[in-house]
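Given next, in structure tokens, is a single chain: the form predicted alone.
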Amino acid sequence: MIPFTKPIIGQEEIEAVKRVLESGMLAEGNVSRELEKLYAEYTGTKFATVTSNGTTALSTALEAMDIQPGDEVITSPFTFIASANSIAMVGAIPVFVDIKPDSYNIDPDLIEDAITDKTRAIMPVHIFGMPADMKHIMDIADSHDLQVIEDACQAHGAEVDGKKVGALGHVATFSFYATKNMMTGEGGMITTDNEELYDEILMVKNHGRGKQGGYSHFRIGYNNRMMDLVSAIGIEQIKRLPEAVKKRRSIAQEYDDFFAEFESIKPQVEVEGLKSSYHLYVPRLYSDKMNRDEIVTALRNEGVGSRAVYALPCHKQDTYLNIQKWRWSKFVDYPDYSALTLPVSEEIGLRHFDIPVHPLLTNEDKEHIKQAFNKILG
């Protein structure tokens, strides 16, 4: 089976972990500071700080932004559930806005209608590595005095008009989960240009401590730190990231060219000014011969890793159909998500599937994948 994802782990990562183990200093410290410096330079932001994972990056940023119980945060339903859950974790209300059929990202033209007097922030998700329409979203946010948090957990290395994601909103978050373009097994990062917000993020993630550390605490905080043992892997991974993204983009272009011959396959669209980092390559199936689940099964039978990534959008998950059981429901008036219909998200959920796009694919692998499609679809 050609796996749909495969981390790059070389001798460099092994030696980096070994050095930290031999140092005896495993907790967040100087190695993490070095990774933060490198990541801020890579994204073009003033500040960056590591977290224990991408979900705690999101919840830490939201809490540092003073998102309160009952506040509304507009986001996409077509994403991993951690995006919405991080909003609910701080007691806020996820407000789901439908997506665009070509990019799978939140549709800015629909955001304005979702804004109420409770709206405090917008959380666009750069899905599968494809950047959202950040210029349009920032214009809306500025006109309504809203904060913008980029969920860039899948989009390391993606760009909008030559500017890296992570430097486009007021704050951004990344995940270093084992399947991501840049991975540490588990881990996350928050980037921002706002020093006051950065200071607040540092306190939220580290038991309310200020920059000086020690045992002075200034607010309620958590242990959302990253270990130096993990950051050591990240330092080696960020060195690999530019070339890995370049390889992913090359493979995606090869797929785009190949699928141009198939009327039944429609790839995710990279519009002018946006450069996806192709965390995943996720086309849609429009065929009278078979449905999405059948093509996934057929591909697997041909030795090609494939799956439906987000078959159920967030608003159709039991989590949100049963939101009244969540502890904040005693204080927060949640909407009836079961009554919510978001037709584009629901259709993409039924039609999309992924195929391998990771940098370790060989020419033989790619040819095998193409032949599989030729055999299945004719």
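A quick note: this is a predicted structure, and the numbers were derived from the prediction, not measured. Sequential numbering from 1, following the sequence displayed.
This protein has a second form, the form predicted together with a small molecule, left out of what is shown; the following refers to that one.
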Worksheet item: Only one of 79, 231, 192, 181 has a non-hydrogen atom within 4.5 angstroms of the small molecule in the model of the complex; which is it?
Response: 79
Worksheet item: Just one of 171, 165, 153, 74 has a heavy atom within 4.5 angstroms of the small molecule in the model of the complex, so which one?
Response: 153
Fill in: Residue stretch of 347-355, 330-338, 46-54, 63-71 approaching the small molecule in the model of the complex, non-hydrogen atom distance within 4.5 Å
46-54
Worksheet item: Would residue 122 show up as a contact with the small molecule in the model of the complex if we use heavy atoms at 4.5 Å?
Response: no
Discussion item. If we define contact as a non-hydrogen atom of the residue within 4.5 angstroms of the partner, is residue 187 a contact of the small molecule in the model of the complex?
Written reply: yes
Worksheet item: Is residue 177 a contact residue for the small molecule in the model of the complex, using a 4.5 Å heavy atom cut-off?
Response: yes
Practice prompt. Would you check, heavy atoms only and a 4.5 Å threshold, whether residue 31 touches the small molecule in the model of the complex?
Written response: no
